[in-house]
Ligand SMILES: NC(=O)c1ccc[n+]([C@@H]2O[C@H](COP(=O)([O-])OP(=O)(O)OC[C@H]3O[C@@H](n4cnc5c(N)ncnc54)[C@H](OP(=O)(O)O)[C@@H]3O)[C@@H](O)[C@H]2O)c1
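Only one chain is shown below, in structure tokens, and it's the form predicted on its own.
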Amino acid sequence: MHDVKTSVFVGVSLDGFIARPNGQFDFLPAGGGEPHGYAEFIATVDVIVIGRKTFEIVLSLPEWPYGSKRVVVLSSRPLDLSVVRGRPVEQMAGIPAEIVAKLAAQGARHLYVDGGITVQNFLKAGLIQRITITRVPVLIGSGIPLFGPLEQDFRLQHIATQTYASGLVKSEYQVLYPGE
């Protein structure tokens, strides 16, 4: 559709949750745990696309996790961006295809999509090419799932899986959409 690569890189509990019911992800290893490819991945990203709820959680962290990367927060309601003064953060609204087209027109080549609902919406719109999931060896019982209800199956092609001494297991997949 566009010459933009759109990826997901996320940590989940072994039972499939990206956050607790209150949005916190304190069960993930501090600082991301041992190196497992995130630094290499984020170095290839032009724009980080997150939803409003994810943005609010990120604001509560002791440090801004995105460095000087451009961040687009998706929300149809006005956001107070004064709290991120000096950082390249902006708000956009619209359906995923419009967001990707707009960012592509602005020269973006690789989008990192993060946050449960945002990931689900971009996947349903056929706009996620790569999904990298790092499973953390912990069960939390309930929370915000990475994937919600789907109207159809999404086939994935396994690219690679790596295990780490801490028990992290990272798997990378390419999303196969109908006709591919």
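Because the structure is predicted, anything quoted here is derived from the model rather than measured. Start at 1 with the first residue shown and count on from there.
Not pictured, yet referred to below: the form predicted together with the named molecule.
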Although the named molecule is absent from this view, report whether Gln129 comes within 4.5 Å of it in the predicted complex, heavy atoms only. no
At the 4.5 Å heavy atom threshold, is Leu103 in contact with the named molecule in the predicted complex? no
Is there any non-hydrogen atom of Phe25 lying within 4.5 Å of the named molecule in the predicted complex? yes
Test of understanding: in the predicted complex, would Ala93 fall inside 4.5 Å of the named molecule by heavy atoms? yes
Residues within 4.5 Å of the named molecule in the predicted complex, restricted to 47-77 and counted by heavy atom: Gly51, Arg52, Lys53, Thr54, Ile57, Leu74, Ser75, Ser76, Arg77
